[in-house]
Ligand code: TRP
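Next up is one chain by itself, shown in structure tokens, the form predicted on its own.
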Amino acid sequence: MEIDPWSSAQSTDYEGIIARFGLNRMEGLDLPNPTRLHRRGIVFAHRDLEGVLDAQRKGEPFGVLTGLMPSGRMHLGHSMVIDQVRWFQEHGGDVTIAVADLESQATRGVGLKEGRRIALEQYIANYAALGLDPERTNVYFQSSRPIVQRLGFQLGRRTNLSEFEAIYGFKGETNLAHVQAPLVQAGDILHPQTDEYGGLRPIVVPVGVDQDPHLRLTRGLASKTNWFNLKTGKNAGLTVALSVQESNAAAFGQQPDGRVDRGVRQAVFDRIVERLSALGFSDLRPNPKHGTVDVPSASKRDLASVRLALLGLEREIGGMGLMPPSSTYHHFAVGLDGDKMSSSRPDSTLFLGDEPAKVAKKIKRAFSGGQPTVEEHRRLGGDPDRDVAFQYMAYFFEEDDAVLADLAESYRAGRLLAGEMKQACLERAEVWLGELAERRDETAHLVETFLAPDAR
């Protein structure tokens, strides 16, 4: 099972991916006004999304981070991420967008000047047309935000080449700029939590599942910096435990000779108790000798608020106070030939700037889930789950679930032919892309407004 952020060849065994990499299914989450991607199971898994949803319900701050690789044209698959980002934004999230110009230079050979042009013309122009709010969106470039690189350098002390080989499959011939790119991306994901860029709050990163290696690395790095560990009990309750490290030993009263300054340690525990009491817990059981505080009445629903309180305390006493990012995962958008959609295979991809004639030509050649002949199709029916035209309507073009279900049923029964399915997709695609082009013209003047001050 291969998951490679830089490859167009990926596993689509989503159940296997959930099991192997410890993702959580979306079922059971209370999503406000779910989009078609949520309703149809296209967004299929997450990590720690509960904390973001809890902040949203309480009207508390939370952020959304996404990024773009400025190395080619924006295609339909990229719009899935923006649909999700817009949904989070509409429900209260502030949006940060990283232009991975350093990563593009390191892994794709695209110069910084050319990367900026591609980002503005191919991506941000479409983000505006797709409905992101420029007042609540900040686009920046990796090359012009030093904190991203500084964080990456600091976090690099928490990992090694063996971990990179295990996560990414790097070998001895991998160039060092490529090795450095994930650390810069970890800085991208974590820096919106810093006081300078929005402060401590949950951050969610919507991605295709091929990007999970970056999230696993970043979550691991953030956790390694944390001064307080949280554990849930088998039935109920939470336990807070000190994570004594070289960087915080003195703050926790750990002396060079191994002895503990009880006064310093007690002062830390007094502050932990103060923070947790402010959350309404009255049954706290601090044990400075063992370095733990038990919270018997806490439940898993309290995990996010307790974590935020402890991270805030960590910052006050000298730590980084970084919250591991949340993430959501969506299925890959299929290419017109039935494989993964990729800018590197333009004939199998619908780009957001394609002319109508080119769109029609591509869709008519799309991989079909129909039978070889009309007679067989009428008798045996087609498979909408393998039919690219149907998939495009499900992912992008058809908002009405009932209409989509009727198309699928008619196709399976053989009443709707493969050519008719393609025609239905083409008609919707022409409307969708035509309206997007009109909005792109209407919002062209907003492109610069999306840029953060350090990106102008």
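Start at 1 with the first residue shown and count on from there. Note that the structure is a prediction, hence the values are computed from the model and not measured.
Same protein, other form: the form predicted together with ligand TRP, not shown, and the subject of what follows.
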{"property": "Candidate from V205, A129, L183, V209 lying within 4.5 Å of ligand TRP in the model of the complex - any heavy atom", "result": "V205"}
{"property": "In the model of the complex, the one of A55, L65, A418, C425 near ligand TRP [non-hydrogen atom within 4.5 angstroms]", "result": "L65"}
{"property": "Answer range among 361-369, 96-104, 311-319, 289-297 for contact with ligand TRP, defined in the model of the complex as heavy atoms within 4.5 Å", "result": "96-104"}
{"property": "M69 within 4.5 Å of ligand TRP in the model of the complex, heavy atoms", "result": "yes"}
{"property": "is_contact(A119, ligand TRP) in the model of the complex, heavy atom dist at most 4.5 Å", "result": "no"}
{"property": "Partner contact for I124 in the model of the complex: ligand TRP, 4.5 angstroms, heavy atom", "result": "no"}
{"property": "Ligand TRP contact at Q142 in the model of the complex, heavy atom, 4.5 Å", "result": "yes"}
